[in-house]
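What follows is one chain in structure tokens, specifically the form predicted on its own.
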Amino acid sequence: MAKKILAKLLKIKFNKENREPSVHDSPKTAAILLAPALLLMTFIIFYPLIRAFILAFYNLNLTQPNNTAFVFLENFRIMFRDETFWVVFKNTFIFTFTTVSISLLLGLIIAIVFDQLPKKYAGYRGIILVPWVIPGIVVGYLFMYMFDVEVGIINFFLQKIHIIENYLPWLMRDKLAMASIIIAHIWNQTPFFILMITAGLKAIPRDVQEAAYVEGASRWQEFRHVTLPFLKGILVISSLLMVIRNINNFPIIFTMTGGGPANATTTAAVYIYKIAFEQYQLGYASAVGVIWVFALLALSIAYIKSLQKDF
């Protein structure tokens, strides 16, 4: 009986390996099946981008729809002479660089600590990931009340541990407001780095780490010469994703400060929103958006080249 079953299994395997290629296996069939989804995705992604690029060369104000005119590079000339644009550029750079740097460092430290814990504590990693899955608008309202000058819990604790004497108006002063939105975003996105780095740590061969210890390497030397090189690719990719996300981040900033006070926390996404939907200048907003698209494209290319250089 066992021999008959084995013979049937071998016959099935032989028939699968030596069967004629089916019409369903051809590249043409795969292309036909994927074409509707690809066309839909192309329309969703590229149509708004092309439309925004075209509008960047027009003077289009929704309050005066009949006065639309082709102005070529006028929107860009106005933009580069606008002081607010350069304030927004500085704010976006400071916000993105600080948030991604601190989140990456915290994520790396926490991931390494959790990686050293016994398996019975592995379930606690799920709790660490909770801030990442909370919607941005909820995070914005949560931290807006936490930093409130009168009822905020941040002021309460800082006063209790004698760091401050009087309650601080966190969301009403420029530097404090920027610090507030940075803290909120660090809390929200650090779990993403923890998740990515934890996955990278699990992919490191244990025998390589053990060989380093056998050779007399210290914990720091093992991390620097073994662990970090293995994680470099993940660190580059995850930080690039977070740079793009932070430059385009809108809900948390808009909920907490609305870009204020006096544009102190206005970043690229908030600035474009204000121009387009508060001032109704779609042409000028499109021009600003096009500049940020090219800036992100250049940054992405630089990241990818650095990744290829290292590997």
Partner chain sequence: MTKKNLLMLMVLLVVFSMVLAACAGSNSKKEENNTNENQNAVENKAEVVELSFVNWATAEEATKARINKVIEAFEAENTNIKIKNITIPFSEIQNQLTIMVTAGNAPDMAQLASDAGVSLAAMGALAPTDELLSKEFLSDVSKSYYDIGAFEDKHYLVPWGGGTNGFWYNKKIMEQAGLDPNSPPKTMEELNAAMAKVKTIKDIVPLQYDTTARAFTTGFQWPFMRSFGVEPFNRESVNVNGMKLYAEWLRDLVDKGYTLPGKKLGEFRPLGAQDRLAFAFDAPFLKGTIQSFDEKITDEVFYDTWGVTALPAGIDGKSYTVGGSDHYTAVFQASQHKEEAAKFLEFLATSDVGLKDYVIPMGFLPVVSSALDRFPVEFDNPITKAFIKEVVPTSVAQPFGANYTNAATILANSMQEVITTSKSIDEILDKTQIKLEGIIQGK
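Positions refer to the first chain, counted from 1. All values derive from a computational prediction rather than experimental measurement.
There is another form of the same protein, the form predicted in complex with its partner chain; it is not shown, and what comes next is about it.
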Does its partner chain get within 4.5 angstroms of any non-hydrogen atom of Glu165 in the predicted bound form? no
Give a yes or no for Ile204: in the predicted bound form, does one of its heavy atoms lie within 4.5 Å of a heavy atom belonging to its partner chain? no
Determine whether any heavy atom of Pro169 comes within 4.5 Å of a heavy atom of its partner chain in the predicted bound form, and answer yes or no. yes
Does the 4.5 Å heavy atom contact test between Asn67 and its partner chain in the predicted bound form come out positive? no
Neighbours of its partner chain in the predicted bound form among 142 to 171 [non-hydrogen atom within 4.5 angstroms]: Asp148, Val149, Glu150, Pro169
